[in-house]
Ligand code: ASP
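A lone chain, given as structure tokens: the form predicted alone.
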């Protein structure tokens, strides 16, 4: 068995689903299990509709809902299925308009409809184009805790349900599931966070013991840098799990950060492939170390980052100061990306601004706090970093006059991260790409 996950751009229209159908047909002998995201930008549109409803714009929300319904009907032709789902959605939207409040549970209920619909539409398309396909509602087999909008899978229960339900069906049929969506043990709909369809695919792959997990997207694989900044970025042919995880965490959009963990546990290779160019070999992510003549494999970056500068109100940091800081972030369910410390201060970065006011208020009970907005993290990643002297010197020489706010090297010693002003992000990535990828190892990179 293999797992094939297709992202929103890969199922954004009937034409795109036709491409997916041909790709799946070419792999029927490998007993594929197909996981799909919502069609195109459906999730964003659903959340916009929810915001309009709770913001007192009920009629506008319902008009947008009709537009989204028409899109799904036009691309699928499944009038009854589409109407049933959008009738349910309309009732939810009307309820939100009355309550005037959007809770995490309501967000999950609304945003789940994208994958619920796309998986049914793709199943129907397969069936009408020569593929013996069956739909499985992911909410029946992916079990999570109650942390709505970013639920954490309960692995023991999830794997037990997957192994009981999926392999018997996959013997004769192509199983189609919606990514991103799950449910609690009580059957309440949850979601795995934005980009969570990759995570679903990895969970399914680990749960059924798949031989391979394929992530189909709209780029040729993992690249040496963000193609929006480096249009001629090079494809990385092969990379290790640990390198891919670092890149995903620090902003490589082609892969969800959580994806690799179940794959690592199951020692299942992950392939990143392009549904528009299926002939391209893509990127293979594997457990074995990937030797390269280049020092680094790729440059990841993340914009719109906040830097919090936290200074002890005492001359020196008292015992427990760091613990108190991170307890604040834990209570506010906010992750920290990078940390730098000195004798009396701590600087750290976050990319979740939703709780920053509450976090700062708590921190100011025992520390002085300032916040720098519109910052960017840049992270160079490669297993050779730990074995190669002078990498830092090459980085700072390449950056020239660009001011670096923070520097952090991971405990694994295979990444070097730093913070620059958001306005310097593109120039910094371009300078580093020129420095580290002027010459390429053809065994690892596609020029």
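Residue numbers count along the first chain shown, from 1. This one's a predicted model, so the numbers in the text were calculated from it and none came from an experiment.
This protein has a second form, the form predicted in complex with the named molecule, left out of what is shown; the following refers to that one.
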The one residue among 227, 195, 77, 353 placing a heavy atom within 4.5 Å of the named molecule in the model of the complex is 195
Is there a non-hydrogen atom of residue 216 within 4.5 angstroms of a non-hydrogen atom of the named molecule in the model of the complex? no
Could you tell me if residue 38 has a non-hydrogen atom within 4.5 Å of the named molecule in the model of the complex? yes
I'd like to know whether residue 243 contacts the named molecule in the model of the complex, with contact meaning heavy atoms within 4.5 angstroms. no
Residue 43 near the named molecule in the model of the complex, any heavy atom under 4.5 Å? yes
Only one of 196-204, 264-272, 131-139, 360-368 has residues with a heavy atom within 4.5 Å of the named molecule in the model of the complex, and that stretch is 196-204
Even though the chain is shown alone, can you say which residues of 97-131 have a heavy atom within 4.5 Å of the named molecule in the model of the complex? 115
